[in-house]
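Next up: just one chain, as structure tokens, the form predicted on its own.
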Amino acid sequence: MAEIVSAAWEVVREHGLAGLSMRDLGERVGMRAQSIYSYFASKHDIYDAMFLEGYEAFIDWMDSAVDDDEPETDPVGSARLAVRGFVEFCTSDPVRYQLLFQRTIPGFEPSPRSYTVAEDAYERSRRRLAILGVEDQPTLDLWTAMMTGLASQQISNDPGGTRWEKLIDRAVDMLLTDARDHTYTESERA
């Protein structure tokens, strides 16, 4: 199964997420397309295995990029580092970014098992942000929108460059200032 998933990543990196063809995949692993169905019930099951592998890689990446002790000694620096790590992870593999953080495959939803790993990644980020006093859902939502927005802009409008990566520290500072100073209305909290 790992060989099939690895080959699937190769195919989608060449042809895009929607370009995953069972025939191409079968040729890459030396099987007939129909034989792949003895390992995966559907193409969405292959995407699910890729989603799981992608989130496991994301957790490993973030664990190596962010020291869990640093938020207490330098919370702002840690937040900047975490966002830099996120954007770097996303821009290092735009197709993986699309699978994990955008809904580009019609009808695909990760399995509960795979989604649990994604929730774990979110929970780790939420705990790190809580050290900075970012605990309310609207600010967490704004935080994730800022991170994915920077990654998306970098991938879409300056691939291989640094135009949006250069904005990370400023964006983090703006968001943290807003989080400290903003008083939420009832409609914003709902």
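The term rigid core refers to the maximal set of C-alpha atoms that superpose within 1.5 Å between the two forms. These figures come from a predicted structure and were not determined experimentally. Just count from 1 along the sequence shown to find any residue number.
There is another form of the same protein, the form predicted together with the DNA; it is not shown, and what comes next is about it.
- Ser21 belongs to the set of residues with a heavy atom inside 4.5 Å of the DNA in the model of the complex.
- Proximity of Gly30 to the DNA in the model of the complex falls within the 4.5 Å heavy atom cutoff.
- Not displayed here, the DNA is approached by Tyr39 to within 4.5 Å at the level of heavy atoms in the model of the complex.
- For the chain shown alone, Ser35 is a contact residue for the DNA in the model of the complex, at least one non-hydrogen atom being within 4.5 angstroms.
- Heavy atoms within 4.5 Å of the DNA in the model of the complex are found in one stretch of 119-127, 132-140, 41-49, 156-164, which is 41-49.
- Contact residues in stretch 90-118 (any heavy atom within 4.5 Å of the DNA, taken in the model of the complex) are absent; none meets the cut-off.
- Core-superposed comparison between the shown form and the other one: the Cα of Ile155 travels less than 2 Å.
- Fitting the two forms on the rigid core leaves the C-alpha of Met50 displaced by under 2 angstroms between the shown form and the other one.
- Relative to the superposed rigid core, Ser35 undergoes a CA displacement of at least 2 Å between the shown form and the other one.
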